[in-house]
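The chain below stands alone and is given as structure tokens, in the form predicted alone.
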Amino acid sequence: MKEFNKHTSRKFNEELESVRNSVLKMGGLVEEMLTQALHGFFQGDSQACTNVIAMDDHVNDLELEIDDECRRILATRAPAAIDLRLIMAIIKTITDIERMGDEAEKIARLSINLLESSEINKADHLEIQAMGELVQTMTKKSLDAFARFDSELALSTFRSDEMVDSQYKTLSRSSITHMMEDPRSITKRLNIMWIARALERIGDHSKNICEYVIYTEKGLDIRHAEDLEG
């Protein structure tokens, strides 16, 4: 774990460390939600999907608790330089993590719909599997980068979002072709597309977290940078 500024106030150090740990707890919960949502889709496990839906309330509660603590630190400690960047990165990160949880919940709900209509088959699994695995890896690496404030890991993970976007476009084109060839498949194909869209959005949020890590550690805003070498 990367060391940030040490302060004369041990209490301030403890507050910063505590809030970072809370973010990691929140991130770990969302990772589990994504894992369980995809398990529910692939294994036809409606209970796993139901569990994901229930977990989302806990994620929302953590976001509010962390946000309140960050605002208190801003008001009482008046952090500057890298400490200020850290607090701002945390506030932005928990927003993205909460939205990742929303997307995982969406995957769980869509999977339940498909399971209830008995419309999922092995071909559908194959379409989602590669994208799901890539997004899971991207999510884990973005949170690992946050945990260590590892800008190199953050940058490599940031770049992998292009592959997620490419897979989403391929799956969307395939779904449109299926719907044109067989109008009876429209409802199922739309659900599959929405699951893929949720995965693509989780990839976007992971990418955002990587941007915050790089800004906090390097003071570099890469959101619209064209050249990220070096």
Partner chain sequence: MRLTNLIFFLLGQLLLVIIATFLLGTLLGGFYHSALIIISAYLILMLIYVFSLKESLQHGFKIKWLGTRGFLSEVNSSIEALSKSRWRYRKRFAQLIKEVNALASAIPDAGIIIDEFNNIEWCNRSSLTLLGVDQDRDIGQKVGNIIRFPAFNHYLKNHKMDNFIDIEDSNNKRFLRFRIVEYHDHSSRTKKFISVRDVTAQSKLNQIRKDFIANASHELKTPLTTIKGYSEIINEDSKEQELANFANQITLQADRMNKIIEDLLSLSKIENSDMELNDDLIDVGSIINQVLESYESLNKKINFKLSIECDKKLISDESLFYSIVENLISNAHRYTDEGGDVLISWSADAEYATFTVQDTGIGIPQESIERITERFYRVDKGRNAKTGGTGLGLSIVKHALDRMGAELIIESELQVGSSFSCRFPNKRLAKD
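Predicted model only: the values in this text are computed from it and were never measured. Numbering follows the first chain given and starts at 1.
The same protein also exists as the form predicted together with the partner chain; that form is not shown, yet it is the one meant from here on.
Interface residue among 204, 63, 56, 31, judged by heavy atoms within 4.5 Å of the partner chain in the predicted complex: 31.
The partner is absent here, but in the predicted complex a heavy atom of 140, alone among 125, 140, 159, 72, sits within 4.5 Å of the partner chain. Contact with the partner chain, judged by heavy atoms within 4.5 Å in the predicted complex, is confined among 45-53, 192-200, 22-30, 166-174 to 22-30. Remark: residue 147 counts among the residues lining the partner chain in the predicted complex, judged by a heavy atom distance of 4.5 Å or less. Contact check for residue 95: every heavy atom lies farther than 4.5 Å from the partner chain in the predicted complex. None of the heavy atoms of residue 102 is located within 4.5 Å of the partner chain in the predicted complex. At the 4.5 Å threshold, heavy atoms of residue 113 stay clear of the partner chain in the predicted complex, well away from it.
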